[in-house]
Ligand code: SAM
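Only one chain is given next, in structure tokens, and it is the form predicted alone.
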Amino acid sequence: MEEMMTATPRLTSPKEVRALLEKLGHRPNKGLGQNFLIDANILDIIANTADLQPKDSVLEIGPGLGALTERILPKAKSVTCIEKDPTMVEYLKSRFTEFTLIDSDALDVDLDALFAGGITKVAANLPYSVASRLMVDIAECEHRPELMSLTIQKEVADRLCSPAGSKHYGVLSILTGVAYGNTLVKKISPTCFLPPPKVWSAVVRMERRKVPIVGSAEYPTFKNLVKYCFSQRRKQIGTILKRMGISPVDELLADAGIEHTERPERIEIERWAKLARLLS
């Protein structure tokens, strides 16, 4: 009996995860998006999608109990985890040794400094409440990682990976698409989590472009332009620009290859970039 109590819990066993959480006196925090991924196949897909090599230094955001951590540790040169929940922090310290643990909210961490320090990839089951912001923040880093394998809400994955003209295409697609090619890899049923969330999830792959579509000098203009125009996405682009006080609208649009009557969701990133360069 004592041996069973001291054995390392299997983090893909619902029974053992429930027992572990009870032992820790912990109830999953909805505010932190604590839905623990317990499906071994999905965890393997996340790790494999990250294409980890012995030379890679990996960042994991929100490791929770460490179900993904234990899969990426043997594959990478080093692993750095960012965890906000103090109970999870103490458990991770007791379970793993060969890793770096940052006890903080990921939104408060200087991510660009971590990437500048050598982290090349991100593999994570992102907290759903801040996933969109984190993906944009990382895409905007100067030393952005070369590849990310992420679990996010399916609805957010649809927005992330949508091409121009799709109903899901918008600010998230564009701001991340400047620096990354985004692909939906696998849909995930709520039953793969404990406790199960009310929504479907998805694994996405974000692969860094060799050259960003928008240069750093034009990016602030580009970002402001896109965000403003998508706040009025049902209006024609020519009308929106006139409301912004931009002139001569039709000449600028023609130079960018955009029709006056097009709506924001029809305009590809490359044409947004060209328009931003003209406005800069």
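Predicted model only: the values in this text are computed from it and were never measured. Note that residue numbering follows the sequence shown and begins at 1.
Below, we turn to the form predicted in complex with the named molecule, even though it does not appear here.
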Determine which one of 183-191, 157-165, 102-110, 139-147 lies within 4.5 Å of the named molecule in the predicted bound form, judging by heavy atom distances; exactly one does. 102-110
Quick one: is T176 in contact with the named molecule in the predicted bound form, heavy atoms, 4.5 Å cut-off? no
My question is simply whether V204 lines the interface with the named molecule in the predicted bound form - judged by any non-hydrogen atom within 4.5 Å. no
Should Y219 be counted as a contact of the named molecule in the predicted bound form, where contact means heavy atoms within 4.5 Å? no
Is G170 close to the named molecule in the predicted bound form, meaning a heavy atom pair under 4.5 Å apart or at it? no
Considering the named molecule in the predicted bound form, which of L225, L52, I240, L37 comes within 4.5 Å of it through any heavy atom? L37
Check each of L126, I72, M135, V122 and return the one that places a heavy atom within 4.5 angstroms of the named molecule in the predicted bound form. L126
